[in-house]
Ligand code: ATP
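Here we start with a single chain on its own, the form predicted on its own, put down as C-alpha cells.
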Amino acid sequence: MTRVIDSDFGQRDDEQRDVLADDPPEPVVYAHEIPRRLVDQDAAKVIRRLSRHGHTAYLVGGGVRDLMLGRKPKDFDLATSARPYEVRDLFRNCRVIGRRFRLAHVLFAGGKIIEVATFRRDPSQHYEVIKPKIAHKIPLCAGPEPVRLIPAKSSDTEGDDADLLITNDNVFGEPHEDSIRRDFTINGLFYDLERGEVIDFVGGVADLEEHLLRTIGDPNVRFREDPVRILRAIKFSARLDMGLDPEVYDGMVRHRGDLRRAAAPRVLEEILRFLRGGAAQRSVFLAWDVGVLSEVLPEVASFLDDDVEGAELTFGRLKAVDALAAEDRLPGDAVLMAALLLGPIDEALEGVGDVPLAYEEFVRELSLRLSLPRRLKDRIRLLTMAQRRLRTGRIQSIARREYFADAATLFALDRIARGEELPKWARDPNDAVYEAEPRARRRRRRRRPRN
C-alpha cells in the first residue's frame, strides 16, 4: 500500500507565516562537507571558473539531494548568476540551447554534458516564509531551525476552474526565487562547493532527514501548475523510499485527471523513468494504487484490476527489470515498455485471427495518448509477437534477426516472473545465434562423364 507519513512539521496550526518584504530572505545554511571525490570533477571545474569570474555558482537539485542521501547522482546540474552567453564566453566547449529558456551546456570528453542554468523565477509569483514553532533535530546537518519559503497564495489560484498551467517562466531571478519555483523541497537545495555548505530556502534538509516528500507550497496549486509533478512524486517516492506528505497524497488523487492536459512526450518520458530507475515495480504499483495509472495507461490499469494472476506476473517482470538495473544491465526502452504491456497485449491478441490488426487496434489509442514514437511502437510489436515462437522453443526462424537479443531478454523477464528455469539461449542470446545457424549441406561432387 502507499506509505503516507503524518508529520506535525509544517501543519497550519504549528507555524508562523510572515509575508516577505522587498529584501531577499536569508536561507538556512548547513555546514555539510561532501567529499570532493563524490563530486564530478568537471562540474567542480565549471563552478570554480564561474566563481573566479565573480559569478555565484552552486550544485543544484537532484544532484545535491542524492549526495546528501549517500547516493551517486546521475547528473550534476549547476545554477548560476551568470547569463547563458556569459557562461559561453568563459568556456570554449560550451553551447547555448533552448528556445523558451536558454541553457548553457558545457561539453566534456565522452559525451558528458554539464548543464548550467541561470537562476530564474516565475514572474507572477509572490512568496511568504513559514517559521515552524516545533523544534527539530537534523542529524544530517547540524544547523539552525528550518525555515520554509513557499509561493504565496493569491486569488488567482483559488477555485478548481482557475487555469494554473505554467506557460512562461522565462525570466532570470535570484537564488531564493529559483528555489521556490522547483517542485519538491528535496529538489530545492543548493550546494556551495567552495564553502562546503548546503543552502536551504525551502526546508528540504529537514524533509530529507524525515524521508518525507513534500511540495514547495500548496500541492493542489503545484500539481495544477504542472500535472507531470504527480508522476515525479511517484518516481521519487518509489526510487528514494520516501513517504508522501498527506497533503501531497491527497493532491495527487484530487488532480490526477489533470494529467490529460500534460504534454504527451513528457508523460511518456516519466513512465520510461519509472522503468529505468531501479524501482520499476514500486513505481508502477504506486501509480496503480493512487489511480494515476488509469489516467496515463488505462490498458495496464484495467488489466491489473481484472486479472490477479496477470498482475502478479506483471509486477514479477518489473521486479526482474529492477534486478537488471541493480546489475547495470538495464535493457532498452522497447524491452522495458514491452515488459509492462505484455500482459494486456497477450490478452488482446488471444484467439484472434488477424494478429497484426489486433495489435494495431490495441496500441492505436495508447500511441495517441503518449505520442509513442513509431519506431518504439513497431519495436514493441516485434518483441511481443516473437514471444509466441520463443515459448515453444522455436528460435531458429528468428535467432538471426537483429531484434532477437531483445526478444530473448523479454522472454527471460517473463520466465523469471513465472519462477521457471531459463533455457541456455535466453541466458546468452548471442551464443544462440551461432547455434541456430543451419549446417551447410555438403555438395555432392558430380562425376564427369567419361569420354
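Numbering starts at 1 and runs along the sequence shown. Please read all numbers here as calculations on a predicted model, not as lab measurements.
FYI, the form predicted together with this ligand isn't displayed, but the following is about it.
So which of Phe236, Trp288, Phe303, Phe362 gets a non-hydrogen atom within 4.5 Å of this ligand in the model of the complex?
None of the others qualify; the residue that does is Phe236.
Note which of Arg182, His176, Arg379, Arg102 lies within 4.5 Å of this ligand in the model of the complex, where distance is taken over heavy atoms; exactly one does.
Checking each option against this ligand in the model of the complex, the one that comes within 4.5 Å is Arg182.
Please tell me whether any heavy atom belonging to Ser294 falls inside 4.5 Å of a heavy atom of this ligand, as the geometry stands in the model of the complex.
Ser294: no, not in contact with this ligand in the model of the complex.
Given that this ligand is not shown alongside this chain, does Asp75 nevertheless sit within 4.5 Å of it in the model of the complex, heavy atom to heavy atom?
Contact with this ligand, yes.
Quick check on Arg229: any heavy atom within 4.5 Å of this ligand in the model of the complex?
So Arg229 counts as contacting this ligand.
Is there any non-hydrogen atom of His211 lying within 4.5 Å of this ligand in the model of the complex?
No, no contact at 4.5 Å.
Heavy atoms within 4.5 Å of this ligand in the model of the complex: which of the stretches 411-419, 27-35, 398-406, 55-63 has them?
Every other range fails; the passing one is 55-63.
Output the sequence-ordered list of residues from 400-418 with at least one heavy atom within 4.5 Å of this ligand in the model of the complex.
None of them.
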